[in-house]
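This document opens with one chain alone, in C-alpha cells, the form predicted on its own.
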Amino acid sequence: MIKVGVIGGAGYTAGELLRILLHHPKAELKSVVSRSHSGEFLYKAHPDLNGDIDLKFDAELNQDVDVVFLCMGHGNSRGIVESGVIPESAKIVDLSTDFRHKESSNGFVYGLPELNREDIKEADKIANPGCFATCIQLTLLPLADAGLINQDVHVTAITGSTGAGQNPTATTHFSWRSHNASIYKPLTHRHLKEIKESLTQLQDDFSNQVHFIPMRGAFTRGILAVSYLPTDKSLEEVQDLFEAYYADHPFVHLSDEPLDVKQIVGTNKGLLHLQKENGQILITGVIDNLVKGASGQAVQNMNLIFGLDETEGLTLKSTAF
C-alpha cells in the first residue's frame, strides 16, 4: 500500500483527492494536514465523506508517508517544500502553480501524462498542471506534435465555480454566479505560460500566440474549451493525428458527437470533438476541473510514479444527467 499524506486538506481540491484516494485499492491515507481544522474529523470539512472514514485532520504531517500531495493556495507550496517538513524519501505532487514553469521548476516534472508520461514514471516531484491548461493542451498537443501550429490559436473556455476555490469572493458566491456569465483575465490568464511551454516542447519552432478568453459559468464543475486555428489538412487527416497521438493514453477519447460538460463530471476523462468549418479546425475539449484538471490527474501521476496501472482507482463514471 502507498502511504499518503495531504497538506492543505480542507479545500475543494483536497476534498476531491480524498474521495478518490479512499476508494483507491493501493493507497492508504495516513495524514491529512489542516491547521484550521486540526483535531476535527475529515467529514466536518468534507460532508460527502461522512460514513467513509473516521480520520481526523492533523496539525503537522505524519512522517510515515510515501507520497505527499500539496493542495494549498498558489504561492504556499514552495515554502513547505523548502521547510523540510516533508520526509526526504517521500514523493511530492504539488497542485499549485509554484513549480509548473521551467525556470522555477526546482526539479519538478510537469505532470501532464499525455505529454510527459515517461518522465513522470522516473520523477520524485511532480508539478500538477492547471485545470484550464490541461483541457486546452489536450485540444492542441497532437497538432503541435505534427508541427502544424503555424498560426495564432484562439481559445474560448468556460469553467465551473469550484475552479476558483472554496473561499467565496465577489465573483464566486452563489447569488452572483447563478444565472450569470462573465469573462475574466482575457488574454492574460496565468495558465497561458504552461500551455506555451508544452507546445514548444513538442514543436520547437512554435512562436505564435495563444489568444485565450476564459469565462465563468453558472455551474459548479467542469470545463469546456474550444480551440481553433487555420489548417489546410482535411478533417479526416486531423482526426487520424489525434487518434494516433492518444492511442496509448487511457483517459482521452475522441467523440463523433458534440460534447457537453455533464459527460465528464466526476471522471478523469478528457473528451475531444473535432470539426472543420471555413478552413478552420475546431477542437472542443471537456474535463472535470477537479478531477482530470486537478486531483484525478494528481492520482494518475502517483500511479505512474509508483509503477501502478495508470487507471488504478480512476475508473470513475459521470452521472450525465
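Every value quoted in this text rests on a predicted model; they were computed, and no experiment measured them. Don't overthink the numbering: it's just position in the shown sequence, from 1.
Not on display, but discussed next: the form predicted together with another copy of the chain.
Can you check whether residue 260 is within 4.5 Å of another copy of the chain in the predicted bound form, heavy atom basis?
Output for residue 260 is yes: heavy atoms within 4.5 Å of another copy of the chain.
Is there a non-hydrogen atom of residue 282 within 4.5 angstroms of a non-hydrogen atom of another copy of the chain in the predicted bound form?
Because a heavy atom of residue 282 falls inside 4.5 Å of another copy of the chain in the predicted bound form, the answer is yes.
Just to confirm, residue 116 within 4.5 Å of another copy of the chain in the predicted bound form by heavy atoms?
No - in the predicted bound form, heavy atoms of residue 116 and another copy of the chain never come within 4.5 Å of each other.
Residue-level question: is residue 186 within 4.5 Å of another copy of the chain in the predicted bound form, judged on heavy atoms?
Close contact exists here: in the predicted bound form, residue 186 approaches another copy of the chain to within 4.5 Å, heavy atoms only.
Based on heavy atom distances of at most 4.5 Å to another copy of the chain in the predicted bound form, which listed stretch, 83 to 91, 67 to 75, 218 to 226, 117 to 125, is the contact stretch?
That would be 218 to 226.
Check 62, 105 and 112: does every one of them have a heavy atom within 4.5 Å of another copy of the chain in the predicted bound form?
Spot residues vs another copy of the chain: no contact at all.
Mind listing which residues of 61 to 78 have a heavy atom within 4.5 Å of another copy of the chain in the predicted bound form?
Going through 61 to 78 in order - heavy atoms within 4.5 Å of another copy of the chain in the predicted bound form - there are no hits.
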